[in-house]
Structures are given as structure tokens and as C-alpha cells.
Ligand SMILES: C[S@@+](CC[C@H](N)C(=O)[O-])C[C@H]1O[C@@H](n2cnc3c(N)ncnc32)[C@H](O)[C@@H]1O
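For reference, the chain that follows is the form predicted on its own, supplied as C-alpha cells.
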């Protein structure tokens, strides 16, 4: 049985993110087949309330590709912001240090459950598509609140249970492939606000509208096998899955719903909290 509790299993996550391979597989699927051509990363970047002299921490930075938009924007680069990217994986931090060497962005190894900075350090903290991997989500959010300034903001993205995940569960159920898909994922668009409100006075949810239209089902299968939550999926089921998803194409495309978005959390008002262009 595929155990969805593996979403927060440290051993599984360490293996999942020991290098950039799995992330690249998943990123490639979204780039090739997403209906919304803005792109989720670009959309997220445009939500951030950047301002001059701001001190920023990103947790779980992965490959750091979000920051390509920063280097494309001369105005933002003139803001003289102090940006620190972090990840708990040695493989990812090594990759980030190499990628951003000499480019004015710092890299630190950090676990969101034990953030290695003092109280009230940051104006903005970012955590994208990673909070559902955290074992103790309440501890993690309390750590974010601790190192965030009183008027700071926490921006965190995640998925919803009615998108790609639910679509895959339905397929596995129809095929008789055992999968424990109880609604126990710790941080989704459906339950994330409740968790954030334990630490923050105001929480704003923002949804990103999108879907996938896939003509090459093999790409989707590689995505599935790259997922941390699917590490128990037998490779011997590949052919069965291939036939199943190909049979569900309409006009040559497999349509898969997506449900993604982000929360902006803080203790003050959010007026003017979208970034200056």
C-alpha cells in the first residue's frame, strides 16, 4: 500500500530531495502542459510585497528557480534587499550555493522546525510547496512567527485536495491499486488557513486557476513516480497506468484538474501587499 503519511517521513523526503532530479521532472510536466501560460512560479512571485531594504527568508528553496524573475527585474535588484535561500537538504543547498555564487543571494541549510535565526529577523518569509512535508506543522508555523518581524508577512503556497491529487486517487481506486488517501495531509488549501490562524491574526487565500492538457501520457507517469507520496508505487504497474490514462484522452489530450494557490499571513493589514512593479 502507498502510505500518504510518507509525505512527512524524514527518510523519504531526504531521499526525494537529495538532488534536483525529481523536482525537474515535476517542473517539466507543468511547463509543457499547463493551460495557464503565466506559470505558477511567476504568479507567486508577482504576489510578493517586495520593498527596499527588505530582509527575506525562503524556506525549502529547492532549485531556487523562483528567483530567476528577480534577476530579470532591474528595479527589484535596485531595492538592495537581503535575500536568504534555505533548504534542509545538503544536495539542495550545495546546488543553490553553486547557482547563486557571486550573485548577492545568501544560502543557508535550515529546517523550518528549527529556524537558525533570532526573533523578529525577517520582513518576509516564503515557503512554497513544502509545508505538507513537515512532520510538526504547528511547530514549523510557530518558528516562522518567531523569526518574522511584528509587521512581517508569511507567504506560503500549496495544493488543494480537489486537483491533481484527487484525480490520481480516483484512478488508483478504479484500478484496484491500494492507496491510503485519507484526508490527513497537514497543509492544503482546504486546511492551511486553520493552521496559520493559530499564529497569525489575518490569513488571505489566493487561488491560481489552471489545468493540464497532456498528449504524452508517459510524461505524466514519470511525474507520478517522482512524487514523494508515490514512492511505494510498483513500477510493474506502469503498463496498466499507461493504458488507463491513454483510454481517458479526449480529442488526443488527457485533462487533469489543478488546484493550487497560496496564503498570505500576518498580523497587520494587507493594503499594498502586492509587490511594486
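Residue numbers count along the first chain shown, from 1. Nothing here was measured: the structure is a model prediction, and the numbers come from that model.
What comes next is about the form predicted together with this ligand, which does not appear here.
Asker: So which of 229-237, 59-67, 30-38, 242-250 is the stretch with heavy atoms within 4.5 Å of this ligand in the model of the complex?
Answerer: Heavy-atom contact with the partner occurs in 59-67.
Asker: Is residue 117 close to this ligand in the model of the complex, meaning a heavy atom pair under 4.5 Å apart or at it?
Answerer: No, residue 117 is distant from the partner.
Asker: In the model of the complex, does residue 88 come within 4.5 Å of this ligand, counting heavy atoms only?
Answerer: Within the cut-off, so yes.
Asker: Taking heavy atoms and a 4.5 Å cut-off, does residue 111 contact this ligand in the model of the complex?
Answerer: So residue 111 counts as contacting this ligand.
Asker: Residue 158 versus this ligand, in the model of the complex: is there a non-hydrogen atom within 4.5 Å?
Answerer: The answer is no: residue 158 has no heavy atom within 4.5 Å of this ligand.
Asker: Would you mind picking the one in 165, 128, 188, 195 that has a heavy atom within 4.5 Å of this ligand in the model of the complex?
Answerer: Here the answer is residue option 128.
Asker: To verify the annotation, which of these, 105, 137, 144, 92, has a non-hydrogen atom within 4.5 Å of this ligand in the model of the complex?
Answerer: That would be 92.
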